[in-house]
Each structure stands twice: as C-alpha cells, then as structure tokens.
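So this first bit is one chain, no partners, the form predicted on its own, shown in structure tokens.
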C-alpha cells in the first residue's frame, strides 16, 4: 500500500517534499513510508534526500509538571495567607516538590522562608513553566530563552525527527516489478526469460564468515618457542605428569624438607592418592645421605630427612621435577651429552592478581655435558634470547637451592625502553647430580621463564587473567594477530 502510494503520487507530481506530511495525508504510518522509500531508493526507482528537524519533547519530570503544575507554583498555592510551618509544608508537598519548589520560589521572590515558617510575598502568580511545557507538548515552539531555562532544569530534551524528500529516480516506473533471482527451466521452456528483469549481481557483497577453530596466543608463542629450541638442537622432555611426588619435585633437587616452598600455602598437596608407592630405593638412600650429612665436598643440611615427606604427592610446582627424572634416567646409561627442553603447566598456591595465577606455564631448557662453565651458560642464553628479539642481556646473582651459581636474567625491551626480568638460570649443584650417578666431570646448565610473560608483552596484555583462565574474552582469541617473535 505504501509503495503504491509513493510511486502513484510521483507519477503525477514532481516531488514528495516531506515524507512526514505525506504519511499524514495518506493515513499511513511514517515508519512504513520510510522503509518503502529506502527500498525504492536502493533500486534507483526514486532519489531520496534526508530531512532532519529538531523538536523538543518533555522529560518524565516535565510531563509531571505539565499535568500538576511546577513545584514552585504548587508550593505557593500550598502556603496560606497567614503562612505555614516548614515541617507541615514539607509533609503536605513531599520532599522532592518541597525542595525544588523552595529553591525556585525563593529565586522568583514569591515566598519568604524562615527557620521555621514559610510565608507568601505575592498574592497570585501565573505558572509560566507549566504553560511553556503544555505549549511544547502541543507542538508549539517557544522562544530561545524559555528553551534554555527548561533545558537547564532538565524538563525538556531534544528529539531529532528524520524524514525524506523524494523525486523520481533513473529507474522510475509506476509499478515495481520484482526482479528474478534465478533462471529456471520453466522460464526457458515458456520463453518468459525474454521479458524477465533479473536482479543484478553484487560482486562486492561479503560471503558468510568462515567458522573454524582459532589458536590461542599462548599456543602461538609456545610454538615459536618450540621452534627456537628445535633449531638449537634440543629435544622435548615428556611432561604429561601433572601429579608428582615431593621426592622428584623437591628432594632430588637438593631442596631441604623445611624449605618454605614446601608449605601447604605455597604448594597444592593431594588428598587422594596422598603418597607415592614407587621410588628408586638406592637413589632415595643417596639423596637422604646428601641431605643429612652431605658428601662430594658438601656438608649437607644436617637434619633428619623423613621419607614420609618425600612420599607426599603434589601438583608439580615446576617442570624441573621432569628434568630431575630425565637426568636420573640419563645417569643409568653410558653417558652422552644431551639438550632437553620442556614447555608445560605448573601449579602454585598463590594469590591471583594481575601478574599471578595459581596455574601457569613454565619454559625450561637444560644442557648436560662435560666441562660446561658459567660462560657457556651465558653464551647459550645470549643465543636463545637473541632469537626472541632480545640481544641485550644483563645477569644478576641470585639464590636457588639446586643451582650454584644462580643468575636472574634481564633483557632490554626496545618497545618499553627499559630492562625487564625475563628468566632465571644457573648450574645444577653437584649435590643434585652426583647422587644420580652422573660422572663427576659432567655439569648441567639450565634456565627457565614463564610462557605468559613474553606472550603478554607481545600482545600488549597487562592483566594475566585476560590471557589465561575463565575470564578470557573469546573475541581476543578470534582476532589476535599472527605471532611475530620480537619481545
């Protein structure tokens, strides 16, 4: 109906000047007329030009005053000639009307408000605010000063009315024929195809979005790290055991049983199964001896080592637990130099904040060979971190129970223009290696870092909970860029 009205009017007239007036004249809703005009304009049956008109409408508060009168007028009418107490007047009008009415009536010099009494200063006034609101509601346009006054009191708000002026377009026809979208067998057989008007192809239209899986930023950076290790000749350690015994996680690493890291507030201990049943007894005995009385030039820790502590099961706190197993397995064979790496999850009972999670990923690399020195470790670290885009490194002495010497690694971040801590490193102590059965001239250099920290730097993420965990935005996973190493 609306389409016939528009096309029919333009057949006899040059232009529809105002779609709003046209809708009223034809008794059709303006929304329906607008939808038809947009459709006809898209197919160039008509040429439409936007029309915008600013109108004023009453707010909810303005509608209340238009119906009941302004607060100041209501207050004046509630004050008898002899006056009234403030408490009684407030009770009579309500808190909101009393508060606003007092302010405006005092400003207009209609009333005098004392500490306890309210009295009139005028006998009668006109409610100009109500009159203006009624006029606006009826479509009349007040002057600019009145508009400004009502706007300041938030009694009116602007409303932009949108419509169209319409003229004939290059494809105008009194009646629109629906274009065919398919050429059918029946069209060809009947000859209808000669008179059919076909819909034009839109070669710029986008197809349906391709649905598929997306790689998490952590997986992309993890893959890049794996490639760096493989290029440097490392082989991956099996890290499929999240549950580890305290023996392999702590004791085998020459970490004393009274160390703070072994407390329940730092480590997740298992309730079921709470203990391990299989440990290499001869190796356990050697570890016990090195803890209690030392050996190989060490004095040990001088305490009573307890087997029940070593048997406790836990969620591994570092992937170095895997390294200790691999080195023990290596010691049982004729010695050969090895380069190992691992990237997997570890668990620590830590408070969750912007930079810490109870579950995160650790990257670890180690080299086991004869005659390795601290210089070899620094050289390997320069090689490793240069492949990550960090060629400037600094080292700071540190302490670890199972490495001596130990170093914190700092790299200069060109983007942040500052030195940032990027990892930890050291040489495994003889107290850890010799009880395993490795030859005395064999040394092991190792380093580790988290996977989350470089990923956050690469992707500009400042809260680790936005990267890993249940609060991750899936939009980030779908739209993150291809990983380019360059910390």
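Numbering follows the first chain given and starts at 1. This is a predicted model, so every value here is computed, not measured.
Note that the form predicted together with a small molecule isn't included here; everything after this is about it.
- Query: Since the chain is shown here on its own, which stretch among 145 to 153, 129 to 137, 114 to 122, 357 to 365 would lie within 4.5 Å of the small molecule in the model of the complex, judged by heavy atoms?
  - Reply: Every other range fails; the passing one is 357 to 365.
- Contact flag, residue 164 vs the small molecule in the model of the complex, heavy atom cut 4.5 Å: Residue 164: no contact with the small molecule in the model of the complex.
- Item | Proximity of residue 403 to the small molecule in the model of the complex, heavy atoms at 4.5 Å | Yes, residue 403 is a contact residue.
- Using heavy atoms and a 4.5 Å limit, would one call residue 26 a contact residue for the small molecule in the model of the complex? Close contact is absent here: in the model of the complex, residue 26 is far from the small molecule, nothing within 4.5 Å, heavy atoms only.
- Mark residue 63 yes when one of its heavy atoms lies within 4.5 Å of a heavy atom of the small molecule in the model of the complex, and no otherwise. Because no heavy atom of residue 63 falls inside 4.5 Å of the small molecule in the model of the complex, the answer is no.
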